[in-house]
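Single chain ahead, by itself, as structure tokens, in the form predicted alone.
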Amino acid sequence: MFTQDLPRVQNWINGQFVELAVSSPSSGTTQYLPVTSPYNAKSIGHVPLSSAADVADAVAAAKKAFPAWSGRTIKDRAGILTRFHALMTKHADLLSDMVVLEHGKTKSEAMVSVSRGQDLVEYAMSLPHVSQTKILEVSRGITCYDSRVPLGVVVSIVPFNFPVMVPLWTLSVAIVMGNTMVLKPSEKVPYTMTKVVELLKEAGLPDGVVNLVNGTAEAANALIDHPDVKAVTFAGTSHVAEIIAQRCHRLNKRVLALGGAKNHTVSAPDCDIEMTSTDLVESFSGCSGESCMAPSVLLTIGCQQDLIDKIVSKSEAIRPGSLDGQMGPVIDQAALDNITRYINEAEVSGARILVDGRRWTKERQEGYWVGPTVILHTNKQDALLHEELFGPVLSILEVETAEEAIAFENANPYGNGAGIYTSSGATADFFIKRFNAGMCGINVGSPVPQEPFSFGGWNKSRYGNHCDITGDGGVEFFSMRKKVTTKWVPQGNASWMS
């Protein structure tokens, strides 16, 4: 794993790394922010705070590259991703080390996230075969067909929790469909994508097709507002997602803004205790709970003490460590403070702390550490049962009936994920038909769909145009359909030579 400081991050514009264009008036004299490793809270480098001038340079490069790039065949564009996929495989260890360093994932989690990013690339590689459009003779002598047309310059504003995977959700499909892109990584994890764009160039991607602009809200707003940007994707909190969606709609721009989540899992009395406990512990503590698909609330139908005991024992067995442990730190001090506050408030309200992850904070002298935490609630109004936390905390609440479980899940304002553990097909069908969530699972801890099925929630978990962000939903979002109706007039002097 990297241990040395990395060089100062630079923007990637028109196929090369560049310094900031001009000083940013709103950021004063500070043009760079420190980047710290969550593992030990030490600085590993600095990330630039890009201004509207930097954004303009990146958008201009993307706009200039668009005509030639969109003019290539889709097979040609996908062929470049085939070479990129091979380079990702070659450098997978390096990429995962960068994720460990700047994000704090365990090495195994980082490797899986790189591999999952490659899955998205593989899907984009297949688009010449799966994105064909339709042609039909709709009446005698009348034929209709449609074709997919790229949008132009598109923007992706991505979160910190998956530095490789989430950017490739949008980048891969967007460019194969003929768009050019400006991507803004999270200022908390800016390094990994700098290696990714180098690999894209090595694979043969033309300059300007993909550009990186680093920074915070100023850069994001400048990207959204730029008149040459045709569409925006975002993943983050629901509060920001709603603001971005509204901002784009005022500008008549296509937008897909993914928000937060509060995912509920129901355990029926006939669930397999070993499988259920293993899945839930791995899912709520995996990636330190910093996943919008992590199960955060377990609703047990009736008393299920054996299941709770298994969850407790397996949670207590997890050890900290990004390389030699089973769970890494959370991203920064603000996240650690927020998670701790919620645990403290739950304890004060009368909830029982069955596994207390706050001890990791005391035991580890450096970094942002909080361990798996399991809380048994009796008050249905406890904040942890309703508000997104983004940390390794599982809240357990006993309900009396399946109907009560459904009512509780349906009442939450989010709609990202929900799951049921049962040995009965009828029980599973009952819950799947009634869950108010876009991604549901049966005996699956984290029901993330695989391509060509799309990732995307409902309600306050998604704002903007009603597409999903990956799979066929991504193809739909990153293209427009041109519909053509044709009729040919027969030639009066037609012969077999005509």
Ligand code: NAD
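Keep in mind that this is a model prediction, so the values were computed, not measured. Throughout, we count residues from 1 along the sequence that is shown.
The following text describes the form predicted in complex with the named molecule, which does not appear among the structures shown.
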| query | Using a 4.5 Å heavy atom cut-off, are Phe160, Trp169 and Gly259 all in contact with the named molecule in the model of the complex? | reply | yes
| message | Taking 4.5 angstroms as the heavy atom distance cut-off, pick the stretch from 400 to 408, 195 to 203, 212 to 220, 360 to 368 that is near the named molecule in the model of the complex. | response | 212 to 220
| said: Taking any heavy atom pair closer than or equal to 4.5 Å as contact, tell me whether Phe455 reaches the named molecule in the model of the complex. | reply: yes
| query | Is there a non-hydrogen atom of Thr237 within 4.5 angstroms of a non-hydrogen atom of the named molecule in the model of the complex? | reply | yes
| query | Looking in the model of the complex, any heavy atom of Cys292 within 4.5 Å of the named molecule? | reply | yes
| task | Tell me, yes or no, whether Ser461 is in contact with the named molecule in the model of the complex, where a contact means a heavy atom of each within 4.5 Å. | result | yes
| query | Of Glu388, Asp97, Asp279, Glu109, which one comes within 4.5 Å of the named molecule in the model of the complex, counting heavy atoms only? | reply | Glu388
| said: Please tell me which of Leu127, Ile244, Ile343, Leu151 lies within 4.5 Å of the named molecule in the model of the complex, judged by heavy atoms. | reply: Ile244
| Which residues from 173 to 211 come close to the named molecule in the model of the complex, meaning a heavy atom within 4.5 Å? | Lys184, Pro185, Ser186, Glu187, Lys188
